[in-house]
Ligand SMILES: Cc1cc2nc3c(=O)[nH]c(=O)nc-3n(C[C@H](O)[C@H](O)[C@H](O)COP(=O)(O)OP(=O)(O)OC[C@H]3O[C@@H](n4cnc5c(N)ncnc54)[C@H](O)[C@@H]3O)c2cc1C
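To begin, one chain is listed below as structure tokens, in the form predicted alone.
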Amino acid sequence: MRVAIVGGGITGMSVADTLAARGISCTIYEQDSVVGGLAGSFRVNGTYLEKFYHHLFTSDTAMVEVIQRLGLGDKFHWLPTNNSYYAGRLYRLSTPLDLLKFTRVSLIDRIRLGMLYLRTRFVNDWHPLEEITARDWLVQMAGKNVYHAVWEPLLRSKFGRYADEVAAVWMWNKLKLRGSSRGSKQEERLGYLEGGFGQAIDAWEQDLRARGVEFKLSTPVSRIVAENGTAVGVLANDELQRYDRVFATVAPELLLQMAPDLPAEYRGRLEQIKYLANVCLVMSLDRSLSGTYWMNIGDPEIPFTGVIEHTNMQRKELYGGAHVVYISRYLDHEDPLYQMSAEEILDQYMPYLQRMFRGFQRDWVKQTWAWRERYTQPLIGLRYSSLKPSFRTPLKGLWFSSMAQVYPEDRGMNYAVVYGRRAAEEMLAELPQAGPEGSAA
């Protein structure tokens, strides 16, 4: 059996990994010149750095297992990190004591905010949270004052005009993830591969190649070709390549463009799944901005979502002494900022950075990079499970795994591994029989 995998991100690599283990011949088609997708990297003073900030939570066991299997476990570390909240001034929010000092709300509201974090751990059935918006759920759980002072600015910063449509299940999962990475002393620990996750992507690619997986890089698929209601291959570089199965690991909108033979009812469901884009400005600085790793922005006047100072988790010496900072913004892809250069984005952000960080000057910034991706955050609205696509599409022989199906969990490297594997295993379970070497007959 021969399988075409459209998309060389972590999901596509996980699909290939699972199928290759059963002796199935796989070919990955990737439009970029390298694999990795949203986990792709570039180099800062010779060291890999992700284009979009990445770390792992302690519950992210699948990606940790991949790293260990590839022989990189000695470089992977669980590291203490800290968080803060900016709203006119900086509030540290890493420990219960920090929460008690969070004077943006009253003492009773601080207690309500702390209880919210605790109560999320005891939610065993998330299905009722599909029926209520994050806004209404947060008001119920912590009160209007806490919602308006803390959560509303964060939701609007990330989701913009869609903020009031986000389902509580998305918010609950975010709170649960952060809570799961806190130890007995309530200190958050996040996982990172010293020298960058790009090392794992490279090693995984070489491992898959050694196991017979073929990579066609810089090779976009323009169409998934169907005959008589069955996917029979892909059209790439104006040439039809025939396969027994096709696995798409792209955003739903891209699948719709590639597979015009999908039936109308299925297409209508996929069309309802919307994504936000992201622009990530990365700066190499000659000094630190603050002592915070992860800074959420709760000031509605500031036009970005978060400031992540990577070298408050990793040693700056790994990057030639540079202090590395990400500035993240989620937005509609029609927003003019989506097309701006790194220098133009920095120009837009300068007044706000100078307001936030005392003494900040343009000459602190030694290099800038701007990375953008059209499909980064699925919009999780009410009753999203009714829209969530199955791995098997109505087009026979066409399978589908994407961030849109990582639900109720949220996107990330770990669940790209998990859901790619699940989708491949579901396909394997439907094969009619196996050959003598364990490959599909």
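Residue positions are given as counts along the sequence shown, with the first one as 1. Everything numeric here is computed off the predicted structure, so don't read it as measured data.
The form predicted in complex with the named molecule is left out here; the points below concern that form.
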*Of the options 193, 273, 322, 258, which one has a non-hydrogen atom that comes within 4.5 Å of the named molecule in the predicted complex?*
258
*May I ask you to choose, among 82, 311, 219, 290, the residue with a heavy atom within 4.5 Å of the named molecule in the predicted complex?*
219
*Can any non-hydrogen atom of residue 66 be found within 4.5 angstroms of the named molecule in the predicted complex?*
no
*So in the predicted complex, does residue 352 come within 4.5 Å of the named molecule, heavy atom to heavy atom?*
no
*Touches the named molecule in the predicted complex: residue 19 (any heavy atom, 4.5 Å)*: no
*Flag residue 94 as yes or no: does it have a non-hydrogen atom within 4.5 angstroms of any non-hydrogen atom of the named molecule in the predicted complex?*
no
*Quick one: find which of 32-40, 66-74, 392-400, 379-387 has residues within 4.5 Å of the named molecule in the predicted complex by heavy atom distance.*
32-40
*Pull the contact list for 36-61: residues with a heavy atom within 4.5 Å of the named molecule in the predicted complex, in sequence order.*
36, 37, 38, 39, 52, 53, 54, 55, 56
